[in-house]
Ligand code: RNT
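Next up: a single chain in structure tokens, the form predicted alone.
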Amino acid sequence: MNYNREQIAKIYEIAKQTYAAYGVDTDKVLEEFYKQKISLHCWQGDDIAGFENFTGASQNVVTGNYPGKARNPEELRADLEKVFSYSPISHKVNLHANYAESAEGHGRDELTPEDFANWIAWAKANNCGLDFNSTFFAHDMMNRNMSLASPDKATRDYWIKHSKACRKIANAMGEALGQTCVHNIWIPDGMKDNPASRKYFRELLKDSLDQILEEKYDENNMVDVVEGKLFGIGTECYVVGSYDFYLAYAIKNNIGICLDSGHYHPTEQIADKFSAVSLFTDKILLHVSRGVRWDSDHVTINNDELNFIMQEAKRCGLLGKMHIGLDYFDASINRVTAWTVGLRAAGKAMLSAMLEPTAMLEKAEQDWNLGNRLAYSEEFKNLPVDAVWNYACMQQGVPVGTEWIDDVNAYEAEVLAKRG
């Protein structure tokens, strides 16, 4: 479907006047919106396989076998570029260490920045930044589902060496690209049933992290964050790296904390954490996912939770400061479609939050007129965000509305379907 560009511009002018009546300058909002960065997770494109040819059991469960997944770095990067072309904002790419291109076949404990030289060159050519993750899964050195918290010293030492190497790589990425690279640590360590000593394994994890973080790097190049989780498959009763553990560790050691929207109890509001955590650290990484009944990593959609997340991030002054990345994987549908749906949903929710007449809500609250605050918040839900979003897409030369769907269907027929 092709949209009438003149009509989009006219509708935008009406929307602009509507927002102006509430004290919002849409042109200025769009200037800032285009600068916002969302980090696109590489693992949606190939089901977290990476390029190591590992055939053992993984600690991540990806459902579906839709044809056309990326089989090599070139195909993965081509798919990422296609997704970029559907989004009106700025981008980064979030890489895991198992996406190295190692001519010498380095083990994970021997990785170097040179193993990611192609990724760095590609990112520079595409004017995007890179984020990075130590990869503590799908490997022979995972010992009884344990890595940094393993009672076996040789296992811990291997993964400590791996994460030290990853920090050096992340620093090199940030330095080469002139954009801060977020280095994230998430481990699947835990137990299916209740441990006799929860503290024992957390003492081991603390010691491992202390060793990993010994060397200091320029935070303009690289920022360390740690990512907690409520539970996982096989770790239903105990996860060593819980949110409470990591938050305490991050604040004490002046590193960052990752808040993943799928890693909490289903009734817990991750958006509520922003105002609490941001008072004590400015190093926050938000992972946007969609948990359905559990941490199922469904494709992000523009639902109430996502809008609340972006709304609260805006109200806390975190947009443009907080690092934001997508984190989900669905192999039951076209993977490029899955990427694009999530990226556009996150972008649109962010734009909606930036357009909110927040000052009116705050004024009503400060006057203790809570009836007005509630009434305003309800009326603001009907403001013409779609008109501004479509105009933003048109301005940035990306597809408007459903235009991208026809294009990705053509890409599937011409490119993805030929991969087998």
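One-based numbering along the sequence shown. Only a predicted model underlies this, so the values are computations on that prediction, with no experimental measurement involved.
The protein also exists as the form predicted together with ligand RNT; that form is not presented, and the subsequent description refers to it.
Look at the stretches 223 to 231, 78 to 86, 307 to 315, 272 to 280 and give the one with heavy atoms within 4.5 Å of ligand RNT in the predicted complex.
-> That would be 223 to 231.
In the predicted complex, do Phe137, His287 and Phe329 all reach within 4.5 Å of ligand RNT through at least one heavy atom apiece?
-> Heavy-atom distance to ligand RNT in the predicted complex: all three under 4.5 Å.
Quick one: from His323, His263, Arg335, His183, grab the residue that has a heavy atom within 4.5 Å of ligand RNT in the predicted complex.
-> Checking each option against ligand RNT in the predicted complex, the one that comes within 4.5 Å is His263.
Using a 4.5 Å cut on heavy atoms, which of Ala392, Val385, Ile48, Met360 is close to ligand RNT in the predicted complex?
-> Looking at Ala392, Val385, Ile48, Met360 one by one, just Ile48 meets the 4.5 Å heavy-atom criterion.
May I ask you to state whether Asp115 is within 4.5 Å of ligand RNT in the predicted complex, using heavy atom distances?
-> Asp115: no contact with ligand RNT in the predicted complex.
is_contact(His96, ligand RNT) in the predicted complex, heavy atom dist at most 4.5 Å | Heavy-atom contact with ligand RNT at 4.5 Å: present for His96.
Using the arrangement in the predicted complex, list in sequence order the residues of 28 to 46 with any heavy atom within 4.5 angstroms of ligand RNT.
-> The one in contact is Trp43.
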